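Quick heads-up: it's one chain on its own, the form predicted alone, in structure tokens.
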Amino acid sequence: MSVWDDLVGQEQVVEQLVAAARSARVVLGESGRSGDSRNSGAEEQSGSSGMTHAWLFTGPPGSGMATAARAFAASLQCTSPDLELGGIPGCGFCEGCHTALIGSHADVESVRTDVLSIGVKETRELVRSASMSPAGGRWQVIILEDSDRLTEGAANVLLKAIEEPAPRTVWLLCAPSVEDALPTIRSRCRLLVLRTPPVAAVADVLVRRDGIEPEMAAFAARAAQGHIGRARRLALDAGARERRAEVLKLPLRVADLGACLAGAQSLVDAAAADAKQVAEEVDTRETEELRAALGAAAGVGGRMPRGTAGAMKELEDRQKRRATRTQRDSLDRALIDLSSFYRDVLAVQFGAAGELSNEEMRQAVERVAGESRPEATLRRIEAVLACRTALERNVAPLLAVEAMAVALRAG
């Protein structure tokens, strides 16, 4: 098992990253030459295989951007003896690889926000950390998983650090698309574009890595449309499958205005229930860990020591902000599922062969396809996309979904 094994369906990206990791050894002088990350410009100019100090990973949700960044970080810290014999950086077994992957490597910092944005204060702390020399003498690697959530001020702080990089510091930024990064930032990064993994490859990973039955793995991979994390949850969580099925009933519930409004409420409730389950699992663990760290009395609801109320309040506030993002993300996933239903409808209307994304709902898909024309289906897909845009602009979720449901009825 190497660090690249969980990067599904991204062979071209893996090839580029392996080549860059090999070039990084040249920069460090481990292959008979020496230098630092700022001296890697000559390597970069010689082709796409050279090492550079800033990378931008882009791709659709679930494509594995963060997985690719972590694997690359591990390969930069790899100390396998096989490297001297031409082995591939990122063995997965040495201490450098192992600690980078589990998040305990002193020179690899991974940042993922669980709220709606990353502010100036957090970014300045990150830049300060990045300015330090690597403790292990190799590379200081900063992985920013949600660079698209940087505020304008935070992005400008980051830009300064990328413009004048510290020696042997590497920035790995992840964003859904190139447009989600400031032009001044993306122009200073090497771009890597990941694709949606093939359904068969995702199913194979679920079977091989998670021990999921092949039939369930195939369903989850198809239903998740290549989103690996979502596929795993669908395969392992019956509740998630039930809530998804509830969402996909909406196209059959828009017969009149009252049904549209009831269907919209049902969809919002299903997304809220999904978000609540995710949040409760994390919140309970965090709260108990903090209580234990602050010296709470034994037992559930044990008395807290004096002076700890502020820390508990800060955690509660952060959990509330995270709940807002989690609910928004859950609703967005529901809308993606809904759009996949109408894409299946369009495929049936045009007589496309092969399995549908929602093959288990083929009868319902064919019914909707027979009752409408492709032009109406396209308008319905546009209505779903417009709802996603409205949610991004902080329109009240129920209001946005009700407007979409009415548009679905009109076709």
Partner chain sequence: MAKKPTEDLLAPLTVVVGQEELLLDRAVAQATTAARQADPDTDVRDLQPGALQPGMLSELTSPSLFSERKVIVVRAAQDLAADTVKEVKAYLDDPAPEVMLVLVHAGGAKGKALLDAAKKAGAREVTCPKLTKPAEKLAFVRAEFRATGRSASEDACKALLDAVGSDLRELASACSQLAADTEGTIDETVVARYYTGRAESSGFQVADLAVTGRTAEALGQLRWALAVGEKPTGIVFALASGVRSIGRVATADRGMRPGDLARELGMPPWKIDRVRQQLRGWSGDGVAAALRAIADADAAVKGGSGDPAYALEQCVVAVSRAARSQR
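Think of the rigid core as the biggest set of C-alphas that the two forms share within 1.5 Å after superposition. Positions refer to the first chain, counted from 1. Predicted, not measured: the structure shown is a model, and the values here were computed from it.
The following text describes the form predicted in complex with the partner chain, which does not appear among the structures shown.
Full three-residue contact with the partner chain in the model of the complex, heavy atom 4.5 Å, for 261, 399 and 406: Each of the three qualifies.
Partner-proximal stretch of 334-342, 176-184, 314-322, 253-261 relative to the partner chain in the model of the complex, 4.5 angstroms, heavy atom: Stretch 253-261 is the one.
Close approach of residue 19 to the partner chain in the model of the complex, 4.5 Å, heavy atom: No - in the model of the complex, heavy atoms of residue 19 and the partner chain never come within 4.5 Å of each other.
Contact test in the model of the complex: residue 117 vs the partner chain, heavy atoms, 4.5 Å: So residue 117 does not count as contacting the partner chain.
Proximity of residue 394 to the partner chain in the model of the complex, heavy atoms at 4.5 Å: So residue 394 counts as contacting the partner chain.
Residue 265: touches the partner chain in the model of the complex, heavy atom cutoff 4.5 angstroms: Taking the distances in the model of the complex, the answer for residue 265 is yes, it comes within 4.5 Å of the partner chain.
Threshold 2 Å Cα movement between the shown form and the other one at residue 95, rigid core reference: Residue 95: C-alpha displaced by less than 2 Å between the shown form and the other one.
Residue 269 C-alpha relocation of at least 2 Å between the shown form and the other one, rigid core basis: Comparing the forms between the shown form and the other one, which are aligned on their rigid core, residue 269 does shift its C-alpha by 2 Å or more.
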